[in-house]
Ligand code: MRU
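Here you get one chain, nothing else, as structure tokens; it is the form predicted alone.
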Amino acid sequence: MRTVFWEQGEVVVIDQRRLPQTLEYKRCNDYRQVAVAIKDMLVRGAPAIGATAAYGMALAAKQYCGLDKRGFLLKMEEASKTLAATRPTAVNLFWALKEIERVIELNSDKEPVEIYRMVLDTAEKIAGDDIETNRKIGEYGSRLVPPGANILTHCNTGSLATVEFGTALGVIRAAHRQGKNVHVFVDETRPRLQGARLTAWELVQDNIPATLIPDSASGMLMKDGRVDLVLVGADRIALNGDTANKIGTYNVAVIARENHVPFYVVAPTTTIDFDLENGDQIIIEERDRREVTHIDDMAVAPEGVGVFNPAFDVTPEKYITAIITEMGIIERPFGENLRRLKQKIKGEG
């Protein structure tokens, strides 16, 4: 299932706010509509955000390729800034925009219509690479999943968080297809319920056995020995291994360590911010108070109460067992091994 794609000159995304009741697609014919789709979480998940932003830049190039060269380049710069301002934490957004900006810069001597085709080709490559990357992540990660494992997940890390296959949920899919008979504990992931609405929906579609639990029940399950491993995604990983992910991830990581349950972060290497020394430097997005005080239009909290609604938290590297990527499993010490990975990627680039 594709979360985002280019069709007939438009960017098409699944409106994830409608799930699980309705599978509905939103068509965008202006890059500003793409920006709204990211900001309002029609599309979410770091890899999906990156690919969607790249397609948004292709849409901008299509919109403005009739301008003179200077006007075109100015409009493309404006589009990049607009898309970059949508979500501050997910590093894939900025990585994808930089990839597009690099293509534009290297070909700035060409006519706008030629640059448009190159930008679209790059966006398609970013999306295609994400699918292949996540299948490789699934292959590596499934090696860590024992037969009959009970796996705990947090938030949504499946097709809906990527272009197609998924990161942490991709590992689960790979293990399921290998006949490992896994079972998944899906925490609801408040306040937007990405676990209950999205992860549970994906698992039901794939006929993977799953049990939905309140966020507050994961500790009891781990204490009782009913969880064999935890798999979570990431929105940004610092060079020392500190990881920003959906709010509540830190809680799960601390409890997992206390109960000797392996805790794995699953993400493509594009989610690693090699310029960030540690998680203290990660900007944490805060979202609208109504996400906490209301369910749809129904108030569940008294009017006037103060609200703190961070979208993410940072899990210190000491709580992470390993980081699963498309280039293999990164083990401790993370600082040393991530620096080695950085040099490897730089050499290949």
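Every value quoted in this text rests on a predicted model; they were computed, and no experiment measured them. The first residue of the shown sequence is 1; numbering continues from there.
The protein also exists as the form predicted in complex with this ligand; that form is not presented, and the subsequent description refers to it.
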{"query": "This ligand contact in the model of the complex: residue 243, any heavy atom under 4.5 Å", "finding": "no"}
{"query": "Contact label in the model of the complex: residue 45 to this ligand, heavy atom within 4.5 Å", "finding": "yes"}
{"query": "Contact of residue 161 with this ligand in the model of the complex (heavy atom, 4.5 Å)", "finding": "yes"}
{"query": "4.5 Å heavy atom contact, residue 100 to this ligand in the model of the complex", "finding": "no"}
{"query": "This ligand: the contacting residue among 324, 57, 320, 49 in the model of the complex [heavy atom, 4.5 Å]", "finding": "49"}
{"query": "Partner-contacting position among 282, 41, 35, 28 - heavy atom within 4.5 Å of this ligand in the model of the complex", "finding": "41"}
{"query": "Partner-proximal stretch of 107 to 115, 245 to 253, 77 to 85, 180 to 188 relative to this ligand in the model of the complex, 4.5 angstroms, heavy atom", "finding": "245 to 253"}
{"query": "Contacts with this ligand in the model of the complex, stretch 225 to 246 (heavy atom within 4.5 Å)", "finding": "233, 234, 235, 245, 246"}
